[in-house]
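So this first bit is one chain, no partners, the form predicted on its own, shown in structure tokens.
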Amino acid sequence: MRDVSVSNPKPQQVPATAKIEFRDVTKTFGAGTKRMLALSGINLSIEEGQFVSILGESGCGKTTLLRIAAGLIPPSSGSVLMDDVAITRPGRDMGFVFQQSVLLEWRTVLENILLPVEIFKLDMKEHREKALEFLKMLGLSGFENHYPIQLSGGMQQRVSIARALILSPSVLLMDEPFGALDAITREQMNSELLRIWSHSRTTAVFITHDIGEAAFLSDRVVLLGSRPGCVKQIFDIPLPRPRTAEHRYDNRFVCLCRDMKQAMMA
């Protein structure tokens, strides 16, 4: 029997350790004949320290849901809470990694990472040492004075991840950060991300439409249905941690990917 746990996407009782909670979140864009319902009745709890992927086809509302969680846009109804407090705007305790690296081309790698430190007027010396440690961890030592144009796409995304983590946020939100990378680099970045996450154990929410990526990274995968986006199914990932590339050949991994693909197509 396959060791795969699939739960029903009904509204769930919030555990004491819930870090993020979506309460009946709905989002509508436009008005009148141009009104579009993007998200409908999202109920979801994410526990502290979990790595959760939001999986779904293009246009199902994944990015919209993440931006609501970040406080970048408001829900039309419902709410998102972090530590039982409604999220209404971006805050220092939440890091965000975009689909593109969005590094400032006129700033060096180190200066890009330290940008949030400047914005919040924090101790620069302390955070500079921390940034250099991130660069070492990410295999970018020696590139601190390079500019984004001198880096590959994968290297740029490593810098953007370091920038998102420089203030030690308790929540890390990632919007398909590896979508523009080639398959080999993408798998390498998946492993790098897990290595970084294993050190911080921050609560992570990762947007993707790649089934294998979701299964490899996550503790749970939340599948959104087609527009309007709603929680269609939730998959628990039983693979042990730490994970390596070899786990992609594990029979449980293969079965999970197949089940998620069938659920997406249903």
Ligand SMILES: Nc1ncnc2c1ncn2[C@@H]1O[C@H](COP(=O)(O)OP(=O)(O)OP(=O)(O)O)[C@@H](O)[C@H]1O
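Remember, it's a predicted structure, so these values are computed and weren't measured experimentally. So that there is no doubt, residue numbering starts at 1 and follows the sequence shown.
Although not depicted, the form predicted in complex with the named molecule is the subject of the following passage.
S.K.: The named molecule is absent from this chain, but in the predicted complex, do 58, 62 and 99 each have a non-hydrogen atom within 4.5 Å of it?
M.R.: Verified in the predicted complex; spot residues all in contact, yes.
S.K.: Taking the named molecule as it sits in the predicted complex, is residue 211 in contact with it (heavy atom to heavy atom, 4.5 Å or less)?
M.R.: No, residue 211 sits far enough from the named molecule in the predicted complex that none of its heavy atoms falls within 4.5 Å.
S.K.: Looking in the predicted complex, any heavy atom of residue 237 within 4.5 Å of the named molecule?
M.R.: Output for residue 237 is no: heavy atoms all beyond 4.5 Å of the named molecule.
S.K.: Please run the contact check for residue 38 against the named molecule in the predicted complex: heavy atoms, 4.5 angstroms, yes or no?
M.R.: Yes, residue 38 is a contact residue.
S.K.: Given the stretches 44-52, 211-219, 63-71, 195-203, which is the single one in contact with the named molecule in the predicted complex, using a heavy atom cutoff of 4.5 Å?
M.R.: This holds for exactly one stretch, 63-71.
S.K.: Can you tell me which bits of 172-201 touch the named molecule in the predicted complex, meaning any heavy atom within 4.5 Å?
M.R.: Residue within 4.5 Å: 176, and no other.
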